[in-house]
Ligand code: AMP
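In the form predicted alone, a lone chain appears below as structure tokens.
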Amino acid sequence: MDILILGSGGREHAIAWKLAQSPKLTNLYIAPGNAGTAKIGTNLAIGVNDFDKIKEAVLAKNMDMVIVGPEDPLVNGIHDFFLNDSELKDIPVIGPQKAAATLEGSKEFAKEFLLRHNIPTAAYQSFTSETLEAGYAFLDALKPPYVLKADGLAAGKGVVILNDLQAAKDELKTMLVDAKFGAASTTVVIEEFLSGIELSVFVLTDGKGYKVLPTAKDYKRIGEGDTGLNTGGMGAISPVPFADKAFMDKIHERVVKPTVEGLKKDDLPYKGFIFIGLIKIGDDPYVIEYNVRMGDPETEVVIPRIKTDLVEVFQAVADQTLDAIDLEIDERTASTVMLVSGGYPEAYEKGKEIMGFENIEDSIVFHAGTDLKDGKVVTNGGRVMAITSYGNTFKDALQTSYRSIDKICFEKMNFRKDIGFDL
């Protein structure tokens, strides 16, 4: 099979790395890809939202399948674009159609879905600039901390949590009236704050059946001890130690099953990954959010634990025969640590040469924000590389990743030394 992956991050490199192990793969293309994907496939200089250029490449190279990494093209309707084009309609796209992708594209839509299907989640209300005063009143009725979420996609930066009531009211005004997140914050969802420990559950569905993938926990804050600004993710571990069988059974019955059934009931066609962001309160799971693709850096610990041929798995999704697949999971723990550019998640410089990563033997190096320049691998983003290792425990795996990181360097390289600290 000839397969195209859309995206350029660590998630896409991890998927490419796994697909490349399949004897069923003939040619692998990644658009736009990075310096890591260039080693295992052919990078195409095409943006993930340039649907016309994607069509051109798919037809020119007789591609058999498209796997969509990031959320943007899904929310913008790449799957529908293929279905509505007579030349593309028979080429499977792994990723939901536009209506179903609204689960990530709109926080309000997701909350309505959760309530409609009796899936446990935080109480909430939605507000616009016309209902600003009602928003203030809702904040008055809540206890701190206050959770404000831009309804639309805001590149992972649209969630604000504040302890001070006046600061929360000022932030609400900034989001709605001053358009802090542009069109994404035309509507703002205010939620009650849920206190507990978070984890992510990943589901792969073909629209009929589904498979639950390994659990993972990522670390979003830039600083040790989960302090400082939110990032796209500084590291992750899989599986999550506290997600025992009893808790997973609750997640399955209360969250996973009603989510997949709800998609069918609401006629939301779905072939692809469902990322369910959860919080454990006492012994009960509550849904914080849905994403309509794999998380990053969670992909870099979940995908390496899947032993089954991933080309076969995706083919089964396309054919709606996923129930017939026996998903084999590696019993070992996988942990990843993200190397980031100095200054990230605020201003940072690109183009710094990365050295030493080619000498890594005990870990897997997944490129995230890298590029090739004059034959050298250089930084090309805030999150640069994910260093993934296996171990009998997450601590063993992390020790291996940290030992590997000692061999890598680039100017102003930064990483968290306490991944898994709360476990």
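Residue numbers here begin at 1 and follow the sequence given. Source: prediction; values computed, not measured.
Below, we turn to the form predicted together with the named molecule, even though it does not appear here.
Segment that reaches the named molecule in the predicted complex - one of 243 to 251, 265 to 273, 287 to 295, 179 to 187, heavy atoms within 4.5 Å:
Of the stretches listed, the one contacting the partner is 287 to 295.
Practice item. Look up in the predicted complex whether residue 136 has a non-hydrogen atom within 4.5 angstroms of the named molecule, and give yes or no. Key: No, residue 136 stays farther than 4.5 Å from the named molecule in the predicted complex.
Verify the contact flag for residue 147: yes if a non-hydrogen atom of it lies within 4.5 Å of a non-hydrogen atom of the named molecule in the predicted complex, no if not.
Answer yes; at least one heavy atom of residue 147 falls within 4.5 Å of the named molecule in the predicted complex.
query: Contact between residue 352 and the named molecule in the predicted complex at 4.5 Å, heavy atoms?
result: Outside the cut-off, so no.
Worksheet item: Contact between residue 79 and the named molecule in the predicted complex at 4.5 Å, heavy atoms?
Response: The answer is no: residue 79 has no heavy atom within 4.5 Å of the named molecule.
Item checked: Heavy atom within 4.5 Å of the named molecule in the predicted complex - residue from 191, 108, 206, 171 -> Exactly one residue meets the criterion: 191.
query: Which residue among 161, 327, 115, 132 has a heavy atom within 4.5 angstroms of the named molecule in the predicted complex?
result: Exactly one residue meets the criterion: 161.
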